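What follows is one chain in structure tokens, specifically the form predicted on its own.
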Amino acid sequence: MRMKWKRLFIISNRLPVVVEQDGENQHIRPGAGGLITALTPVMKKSRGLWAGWPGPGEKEAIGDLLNDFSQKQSFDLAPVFLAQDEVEKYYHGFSNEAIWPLFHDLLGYCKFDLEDWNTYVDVNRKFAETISQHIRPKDFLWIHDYQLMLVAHHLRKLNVKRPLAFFLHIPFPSLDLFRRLPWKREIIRALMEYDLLGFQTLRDRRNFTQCVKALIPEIWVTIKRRLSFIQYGERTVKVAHFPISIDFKEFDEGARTEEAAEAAWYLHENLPGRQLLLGLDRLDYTKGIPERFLSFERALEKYPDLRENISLVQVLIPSRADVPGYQKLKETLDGLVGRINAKFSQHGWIPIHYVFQSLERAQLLGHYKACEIAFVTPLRDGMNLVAKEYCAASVDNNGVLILSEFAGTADQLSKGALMANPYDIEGMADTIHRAYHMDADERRRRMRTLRAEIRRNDVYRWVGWFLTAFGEHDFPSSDSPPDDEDEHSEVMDLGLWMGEARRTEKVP
């Protein structure tokens, strides 16, 4: 039996808005990102509700801004206000100094602090309390990402018995790594309070089920091609993988605009007579940027024909620059760029053009459109949407994607990309040389393959997959009223609606 839902209720660490300070006044604007882009249509369709932290600011002033935003956007916002100490320990502390590095296979960066853990528990409880105050009959409750893994546990303690779904946007680690976490059993048992658990890749799904089997011996797992079913007491938990994507149409059409063309022309006009190799990342130690610089240096050493004929354009987006570990990474990158440029620069040619700032939309599309090669080298990533954005914006089919085999998107894009191991500096240098010399026919063939994959499996299909998977089996929900209680309200199958909306789009 397929479950019908009336309202989509999204819960994430941050609300889908940005509150900006202009002198003494505050303004609000919609946030950016694939998740927001994908969910906004269905949020409006169902008059949905989104709960999350609105960011720092006075509660009363922000509350008024959020109400105005809700009226204009046709879906509601439920703020979860956090004190500065809670933000430091729950978000900057446990979420980003324990879970983030551990789940990205970088144990050496982990900091396990009891106070941070206790605050993480408390903030997850605060989110659950906010959710419980806003639940309506036939809500589809979808909790997102590693900051909120305990929310279902606290909702169950509040006697919320309705179905709950969770999606993890970052990787899930192997059992050997996950065992290092002091609170591993608490987190695993909390995750088992959800009814559907979604992961990015099949590897993540397998890692999770292995951890469950090792840490909760009394469970029973049935593994099928699309889903795993975990019998946990009287409950059955569904586990699946749903690789997130982008709005292909938005990037494809955006790259065809005059603004993007002008930005691309300007970039190549200032860096003439060479191929451009693009690196675009947040400042983060998981992105493999030092390894990228070292492999580029090795390519210039090993292949003199690349000198003066290729430049690496590295755009580094500021992120947590006030955190000591990130400050040290920035200093390391600054030093590498200075050394490599000093070693190889010649009159009229600099090997690495290094920018530490965010890009406006037209500039971003211009970089994607102008650069003949994209160099995406994470040491570990949940998915990595930069790779997909680059392909969607490569409307001339002239781009080459060099992709780390440790990016989540490698499972989908390996047929068209040149795969690389970011720990293999020599191998990556060879791959750069191969990409530079790739002929036009092979470039077009590979990029068409990549674009077709991303067009077919776009972010709207991702949302539809998840919503439909959750509704494939009915769940008992003793806190839901009878179906006829809301008989005058529109009730819809959101998963099917997303599929229909996607099929009616005109996609080039």
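Residue numbers here begin at 1 and follow the sequence given. Bear in mind the structure is a predicted one, so any value in this text is a computation, not a measurement.
Heads up, the form predicted in complex with a small molecule isn't pictured, but that's what we're talking about next.
Proximity to the small molecule in the predicted complex, taken as heavy atoms within 4.5 Å, picks out 274-282 from the listed stretches 392-400, 274-282, 89-97, 261-269. The partner is absent here, but in the predicted complex a heavy atom of I244, alone among I244, V123, I310, I432, sits within 4.5 Å of the small molecule. With the partner removed from view, the residue among Q147, Q200, S295, T377 that has a non-hydrogen atom within 4.5 Å of the small molecule in the predicted complex turns out to be Q200.
Not displayed here, the small molecule is kept clear of D204 by more than 4.5 Å at the level of heavy atoms in the predicted complex. When contacts are judged by a 4.5 Å heavy atom cut-off, L359 counts as touching the small molecule in the predicted complex. Contact annotation for Y368: at least one heavy atom lies within 4.5 Å of the small molecule in the predicted complex. Contact check for N384: a heavy atom falls within 4.5 Å of the small molecule in the predicted complex.
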